[in-house]
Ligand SMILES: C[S@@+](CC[C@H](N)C(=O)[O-])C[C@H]1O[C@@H](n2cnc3c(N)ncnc32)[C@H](O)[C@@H]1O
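The form predicted alone is given below as one chain in structure tokens.
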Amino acid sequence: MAEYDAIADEYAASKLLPWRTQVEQPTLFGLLGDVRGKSVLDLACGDGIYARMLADRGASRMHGVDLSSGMIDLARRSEAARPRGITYSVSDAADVRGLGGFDLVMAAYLFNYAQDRAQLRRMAESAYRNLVPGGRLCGVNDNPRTSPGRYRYYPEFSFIRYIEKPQREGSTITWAIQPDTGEPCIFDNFWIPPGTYEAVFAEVGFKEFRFVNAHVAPGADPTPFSDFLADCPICGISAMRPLGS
């Protein structure tokens, strides 16, 4: 996305904010589980931060895809600085083909960019066709279960999230994140009803689709994030491509 080309450095810096390292990452990695020896496709990989983490955790093959050439430039620079064998390509995540099957598809903030049911289906189909039978889709997402009155400002995290009203399929959700350094990152994603997610993923062929509440790492103190978690703007997503499909 062109908007990410302009904020690539700032958005990459925002991945180091506490709510991202202490809530987003544990939620995502908890869903992914042990990746040792597994092949992983990272759809909407951004600057490759999570691809690098999974490579360091023993993934056998990592490929990242993003529509923003600016983000892929950052990812490739990181790979050149410390090679891990990760490959990247600039592409629409909804149109990824020809890469072979993966054990896992990771999608961190992909599906919330679907502006309608048809676009969400294209994204889900892309994830499905790039999984081997029995493979799993895991991701984090803007939480579509938030009621309209709960979109708000989180001052302790310098994070604002609000939604266009009246709320309807395709309503714009605006995020504004202030990283510790640099300019604020301001970008839009879109609201699709939770029931539409469930129906679309079932139509594509996924089984066991579910939304997963965000959480801190097991054993970590959740107190600093209690307000954020009680009114959590993000959630996990999990689904499986059935064996024999």
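The first residue of the sequence shown is number 1, and the count goes up from there. All figures in this text were calculated on a predicted structure; none of them were measured in a lab.
Only in words, not in the display: the form predicted in complex with the named molecule, which the text now covers.
Note that among 192-200, 32-40, 205-213, 63-71, the stretch whose heavy atoms approach the named molecule to within 4.5 Å in the predicted complex is 63-71.
Within this chain, residue 53 is remote from the site of the named molecule in the predicted complex, having no heavy atom within 4.5 Å.
Among residues of the shown chain, residue 49 is one whose heavy atoms approach the named molecule to within 4.5 Å in the predicted complex. Using a 4.5 Å cutoff between non-hydrogen atoms, residue 157 does not count as a contact of the named molecule in the predicted complex.
For residue 92, a non-hydrogen atom is located within 4.5 Å of the named molecule in the predicted complex, even though that partner is not displayed. Residue 108 is the only one of 104, 86, 120, 108 with a heavy atom lying within 4.5 Å of the named molecule in the predicted complex.
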